[in-house]
Ligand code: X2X
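First, one chain by itself: the form predicted on its own, in structure tokens.
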Amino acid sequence: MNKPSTRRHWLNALCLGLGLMGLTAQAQQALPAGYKAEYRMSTVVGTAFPWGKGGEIWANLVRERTQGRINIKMYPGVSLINGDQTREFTAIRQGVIDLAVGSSINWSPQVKELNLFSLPFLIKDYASLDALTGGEVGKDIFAILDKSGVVPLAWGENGFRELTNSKREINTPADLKGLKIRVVGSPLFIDMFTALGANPVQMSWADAQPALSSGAIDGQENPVSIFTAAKLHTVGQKNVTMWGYMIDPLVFVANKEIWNSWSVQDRDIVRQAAVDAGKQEIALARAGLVETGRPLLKDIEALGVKVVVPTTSQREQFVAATRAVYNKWKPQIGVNLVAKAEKTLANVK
């Protein structure tokens, strides 16, 4: 007695399935020739951090403004390359990654000029960074990135890198003696912390947090937005030194083959979306640090963390201790590029 009903149910299900297949086929046909259904974006951290949030904003703006022609999926934790931050730039050139919001530090092993931003105590404030990225130096860096095999689209910002540790307050280089400090995979950072008397330990960010928790390392250096989002006070980081020794700009980029597969109209949309996302991301990265009284530092102190701001004379001791590193790396980065940056910064009021 139930057979006709069962047959009708089966036929309805079949029609529904065929209808969905038809819609999927129509959606695929709607994509311009050469476009992929999904593009892969790499970031080191997720959306709890300004860096990852910038990537999310970019992806959403592109999807909205292209009416879904370009659909971007984020892969935080540099998961497309098993968490190896220093391989990200090469993976973009090779097409393993389609788009990225990447760190100038992480890409500096492949593009030596990006070490400019890591020169110790070159860039003293946000106005100085903006003068570099928004001027001729920024244009030069983008031209170098383009020549190196990617399409640079916009600047973002990870922030000034501050020092944290579980052992003691750091006011002068002498206080760093013997401390095991996690650093990124850049030889410049090894040189810098060695010059300061510390014991630099190179490891990925994914490995750093458990190493801090276990006490295998004593400290690390990162923007305070990373400190708060990653809750580093819960892994023994009870001392923060706001020395602002360098800043880490981010770059929004695309793989060249992917870029060339899009129409001129869509390229313009993706570029403008990157610029807009970059501005929003920079505002997030600076939140709590540019307002009067720097409220973010008060939030950190409320967690039971000691925040130290070195005096001018104390900061000069760090500058003097790392000057040989600055001079060593200047010719490796490019004397002309560094000189242009120094001249630009000398005119910043």
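Predicted, not measured: the structure shown is a model, and the values here were computed from it. All residue numbers are counted from 1 along the displayed sequence.
In what follows, reference is made to the form predicted together with the ligand, a form of this protein that is not presented.
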Does the ligand get within 4.5 angstroms of any non-hydrogen atom of W205 in the model of the complex? yes
Is T164 close to the ligand in the model of the complex, meaning a heavy atom pair under 4.5 Å apart or at it? no
Can any non-hydrogen atom of I141 be found within 4.5 angstroms of the ligand in the model of the complex? no
I'd like to know whether D248 contacts the ligand in the model of the complex, with contact meaning heavy atoms within 4.5 angstroms. yes
Considering non-hydrogen atoms and a 4.5 Å limit, which listed residue (T241, S225, N115, Q85) is close to the ligand in the model of the complex? Q85
Find the only residue in T133, Q237, N255, N106 having a heavy atom within 4.5 Å of the ligand in the model of the complex. N106
Could you tell me if all three of W58, I72 and L153 have a heavy atom no more than 4.5 Å from the ligand in the model of the complex? no
Just one of 179-187, 228-236, 91-99, 124-132 has heavy atoms within 4.5 Å of the ligand in the model of the complex; which? 179-187
Neighbours of the ligand in the model of the complex among 135-160 [non-hydrogen atom within 4.5 angstroms]: N158
